[in-house]
Ligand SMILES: NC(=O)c1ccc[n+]([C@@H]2O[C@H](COP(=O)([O-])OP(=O)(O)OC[C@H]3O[C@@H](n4cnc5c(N)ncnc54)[C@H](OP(=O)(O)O)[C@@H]3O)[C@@H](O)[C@H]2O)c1
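Shown below, as structure tokens, is a lone chain in the form predicted on its own; questions about how it binds or moves come after it.
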Amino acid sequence: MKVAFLGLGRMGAPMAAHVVRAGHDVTVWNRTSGKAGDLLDLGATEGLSVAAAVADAEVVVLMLFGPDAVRAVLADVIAGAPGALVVDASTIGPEAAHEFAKACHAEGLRYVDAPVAGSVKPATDGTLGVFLGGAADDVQLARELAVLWGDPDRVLHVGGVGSASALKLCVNQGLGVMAAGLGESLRLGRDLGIDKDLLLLVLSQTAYGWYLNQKLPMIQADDFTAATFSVDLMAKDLDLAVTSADSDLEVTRACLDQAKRTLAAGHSGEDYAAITGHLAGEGEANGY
């Protein structure tokens, strides 16, 4: 297929690489230049604008920061790729997914929301979880690409447009609550005089085990610069969760506040585990 891939961040670049390696005709674009080098070596072409990237594309894949970033490029996608299928892998929330689908359908394009579960290593390995929301025929075509970056057993058609984005918010909401909760567990342990290494060992054998299996070295070193999923993205997703719900998500709002405080403390661009580290050390001159 002729595929346009827009968005070459930590996740987008390895996802696009799988599409190129599979032999598709791929044109890539990124808002900031300089991200396409490795993909060009693999055989991709770089579009210098959205319009140039999507020209004649059968499928346009979006892997962008959030709904505002998608909104900023969608008009050019619609104008430049008539009849194409838009596969939106961005985490945008269900309301935006419906908005974008409506805009695409009005101009004869098709739309599937296709957010992913997992971070950089699964993206590189091609083992992400992928949630697909849309009409059956559109999802069938989207799946042909999604299985390139996702584990085929975890590429799931979960319902109509918006359903995949809704499910993704639930996933990331849980991660954000986990990060903030562990931060307060560590702060509690600090206040009670428990050795940090001992506390982390014991907590790794509890429900925090999955999270600590990934983030323990960062937390022990108090260094969150090797980001796989940034605090900025987590704050955006927690905000989407809060604003998408009819109910008042009080715990999620509190975790969003902590994510914002972590950003305000200078951790923008760092891994979202910085929420844990910031909470654990807050109020203690030497940290914990």
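Numbers follow the displayed sequence, beginning with 1. Bear in mind the structure is a predicted one, so any value in this text is a computation, not a measurement.
The form predicted together with the ligand exists for this protein as well; it is not shown, and the discussion that follows is about that form.
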### Query
Any idea which of 59-67, 258-266, 242-250, 40-48 reaches within 4.5 Å of the ligand in the predicted bound form, heavy atoms considered?
59-67
### Message
Going by heavy atom distances of 4.5 angstroms or less, which of 94, 181, 189, 118 would be at the interface with the ligand in the predicted bound form?
### Response
118
### Task
Would you please decide whether residue 155 lies within 4.5 angstroms of the ligand in the predicted bound form, comparing each non-hydrogen atom pair?
no
### Query
Contact between residue 224 and the ligand in the predicted bound form at 4.5 Å, heavy atoms?
no
### Query
So in the predicted bound form, does residue 12 come within 4.5 Å of the ligand, heavy atom to heavy atom?
yes
### Task
Look up in the predicted bound form whether residue 233 has a non-hydrogen atom within 4.5 angstroms of the ligand, and give yes or no.
yes
#### Entry: Complete contact of 4, 79 and 140 with the ligand in the predicted bound form (any heavy atom, 4.5 Å)
no
### Message
Where, within 1-39, is there a heavy atom within 4.5 Å of the ligand in the predicted bound form? Residue list please.
### Response
7, 8, 9, 10, 11, 12, 29, 30, 31, 32, 35
